[in-house]
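Let's start with one chain on its own, the form predicted on its own, as structure tokens.
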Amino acid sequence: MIKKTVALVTGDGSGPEMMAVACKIATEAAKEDGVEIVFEETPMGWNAYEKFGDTFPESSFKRAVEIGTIFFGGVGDPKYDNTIGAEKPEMKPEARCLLRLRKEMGLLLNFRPMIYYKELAHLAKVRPEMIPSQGIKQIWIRFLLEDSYFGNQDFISDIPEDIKNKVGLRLKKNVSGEEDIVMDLAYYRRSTIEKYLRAAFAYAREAKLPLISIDKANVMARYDFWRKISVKIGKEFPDVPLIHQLVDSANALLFEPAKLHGVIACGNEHGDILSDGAAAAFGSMGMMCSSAINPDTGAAMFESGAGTAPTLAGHNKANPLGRILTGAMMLRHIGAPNGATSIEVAVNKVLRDGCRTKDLVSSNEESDEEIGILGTSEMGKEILSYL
């Protein structure tokens, strides 16, 4: 057996319950490829604050970066965000943990696949006739660096104090709500966009899908820049169709998913918003799987994007499928492709057989008792039985 160490962040809210299931399934599936996963806990989030007095302990950060592969269970809980976080906004873990990890590890490419199957059309929040018999592939690849999420912190030290005051440039932690004006800087570097788009075009070529480039080139300078670069890089991939789609019209197409069949390239802010909307159209945020990759070093973080479901914590009700499918993405990355495929096949079989968590049941279906709602651990057991 080949040992692979993975940094584990069990997370906040229902995260630990879902991650316990996902880790068990990933461990079993990896054995198909002769891989033994060794999970090493690197606490982050409000759960870490209770022990370390910090939602992002430096020891956890350094060890996770050193390992280079992170299985991330999600952080954040309104109960603490609105109490301790109100007094110490810099401790709110979503921005504190994720932004620094992404930047330090150079996690440029954020993959968020949404695969629609005709047989499971009834699970989606779109009309069944909108899903063709051959299904739909939406491979969202979010540009995970720069943009408005990093602009202020990246440039604030270079800007004179009088200019910062004039335009209202602030770090989020310094905003009081009493300012007359507040500004966020948003930017893209040509070298970073080119690297990102080459990777996205290459993925589209391999998948035999068009590349759908999302922008707001009719209004924003940075997206006119984005579009011009996408055209230039597209010439290196003449066999990959390039489609330009404005972000507002892309939003309208989320509920006509076949019109977004392809590899979808989008900026940091647009990708964050649109891919969450796509997950809702797909059926549930609880189904979202996600990976963030550094294309140069192979460093990676696997985070489902499904949130922490804090109101369900301790009740065995949260949907673990997003974490489980994210585990499959992780297995493929660390050299266990057979195990990854086995997980994906098992999830599809379980859903086709009618197994459901509460979030996957529409309001016009049968009662909980009639349909047999499964809890977090029970759904995990079903998938293990299919493995």
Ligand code: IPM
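Counting begins at 1, following the sequence as shown. Please read these numbers as outputs of a predicted model, since none were measured by experiment.
The same protein also has a form predicted in complex with the ligand, omitted here; what follows describes it.
For Arg102, a non-hydrogen atom is located within 4.5 Å of the ligand in the predicted bound form, even though that partner is not displayed. Mapping the unseen interface onto this chain, Glu303 counts among the residues with a heavy atom inside 4.5 Å of the ligand in the predicted bound form. Taking the partner from elsewhere, His270 is found to have every heavy atom lying beyond 4.5 Å of the ligand in the predicted bound form. The ligand is not shown here, and in the predicted bound form it never comes within 4.5 Å of any heavy atom of Phe237.
Residues Glu94, Arg112 and Tyr149 are all found to lie within 4.5 Å of the ligand in the predicted bound form, as judged by heavy atom distances. Of the stretches 193-201, 141-149, 208-216, 221-229, only 141-149 has residues with a heavy atom within 4.5 Å of the ligand in the predicted bound form. Taking Leu123, Leu98, Leu108, Leu242 one by one, only a single residue has any non-hydrogen atom within 4.5 Å of the ligand in the predicted bound form, and it is Leu98.
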